[in-house]
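First, one chain by itself in structure tokens, the form predicted on its own.
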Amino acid sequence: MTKSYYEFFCPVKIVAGHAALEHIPYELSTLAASRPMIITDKGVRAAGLLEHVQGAFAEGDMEVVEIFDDVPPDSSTTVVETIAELYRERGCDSLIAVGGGSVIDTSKGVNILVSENASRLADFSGVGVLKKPLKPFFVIPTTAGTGSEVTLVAVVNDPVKGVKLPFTSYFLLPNAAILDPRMTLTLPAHITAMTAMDAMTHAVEAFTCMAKNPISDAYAVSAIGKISSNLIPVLNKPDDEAGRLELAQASTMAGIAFSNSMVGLVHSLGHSLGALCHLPHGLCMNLFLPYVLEYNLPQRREAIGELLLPLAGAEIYARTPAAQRADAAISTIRGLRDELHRRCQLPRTLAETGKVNREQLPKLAEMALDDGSILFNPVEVDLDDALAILERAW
């Protein structure tokens, strides 16, 4: 830690299990809500996932008043403002996000507008702008990676200004996260792998970066262990509900961890690569993770070494000399990436993406230095350092 104290906060209720969806009507009623609006995307609807949610409402004798299913992959303030107007027209009193990161961030934006009775989302961008609790809001993740169901941030594109608007407030935290394995059973292998490695990176950076603390460490270690133990078995048997639930719980645990201890250089590089080359976030996390851990070894050798236990298990941890555990932990992550590349063609290098030119590396390095996550990296980074890491990742 860089301070003589730490803070830990996560008021989100977790409802998890093989029938978690059926608890939603009761949970809404405890918040005096009875006219929910569902926000989702075309892919979720086409996969039949809304049927599970609607079935849960039918059993709970509560009606879903409106379903908006046209959230794009890169949502915008225009979409948010359109949904907010529909919410008001239909007399809704609560929100349920069913989807991945874009749907969840969009829903957070909608909740700002309907709670503040406002029309322009951009007016609320920044930190600490919101001053009061928002409408009842539940999140049902359909991927196991982003952790957005337990984070206090949202990012929404402003098409007029051509920038991503950040929103940060404890009031953006959902009232409840609903983790039901039925919602991730149909995830393709490559998305299962990418999102799991997104969660893995959240947990690893939470455990190794500057603002780590004992409580976030506990969540991070547990998340890493669940992903290490369940990712390959789930790829072997995609309809393994128990394994899917473990990955969903790991994603939420990792989200809680990094919300309280921040992330570092993997995210700085990943945000830059995603923005410049339009690559999925989880792919970028998987790609950069071992290279950044190697860069951080001088300051974080002991912490990285402790990760060998959840990554490889007690037997390997016990027989590995303490001085070699950090290198073994990084080697274990590399081995997992090799297996994911074999199974899903998930890139391990910039060249393997097929979408990055070597001439873009200096620009990527400059962009990474401007990303806020870099402030929490345990080793200081300058332009030459960032460029050297990108060259190693090439």
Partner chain sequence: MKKPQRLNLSELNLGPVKRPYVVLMLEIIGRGLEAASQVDEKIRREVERLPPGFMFEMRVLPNGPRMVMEKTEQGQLQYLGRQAPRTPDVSLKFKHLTHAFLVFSFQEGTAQAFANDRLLLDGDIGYSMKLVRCLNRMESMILPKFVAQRALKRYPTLSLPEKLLGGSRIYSRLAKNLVWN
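Residue numbers count along the first chain shown, from 1. This structure is a prediction, so every number in the text was calculated from the model and none was measured.
Heads up, the form predicted together with the partner chain isn't pictured, but that's what we're talking about next.
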query = So, in the model of the complex, is Ile374 in contact with the partner chain at a 4.5 angstroms heavy atom limit?
reply = yes
task = Decide whether Val127 counts as a contact residue for the partner chain in the model of the complex under a heavy atom distance cut-off of 4.5 Å.
result = yes
query = Given that the partner is absent here, does Tyr291 sit within 4.5 Å of the partner chain in the model of the complex, heavy atoms only?
reply = no
ask   = Even though the partner chain is not shown here, does Asp385 get within 4.5 Å of it in the model of the complex, heavy atoms only?
value = yes
request  = Can you check 207 to 215, 139 to 147, 189 to 197, 76 to 84 and let me know which stretch has heavy atoms within 4.5 Å of the partner chain in the model of the complex?
outcome  = 207 to 215
Of Val64, Ala328, Leu369, Leu50, the one that lies within 4.5 Å of the partner chain in the model of the complex (heavy atoms) = Leu369
ask   = Taking heavy atoms and a 4.5 Å limit, what residues of 155 to 178 are near the partner chain in the model of the complex?
value = none
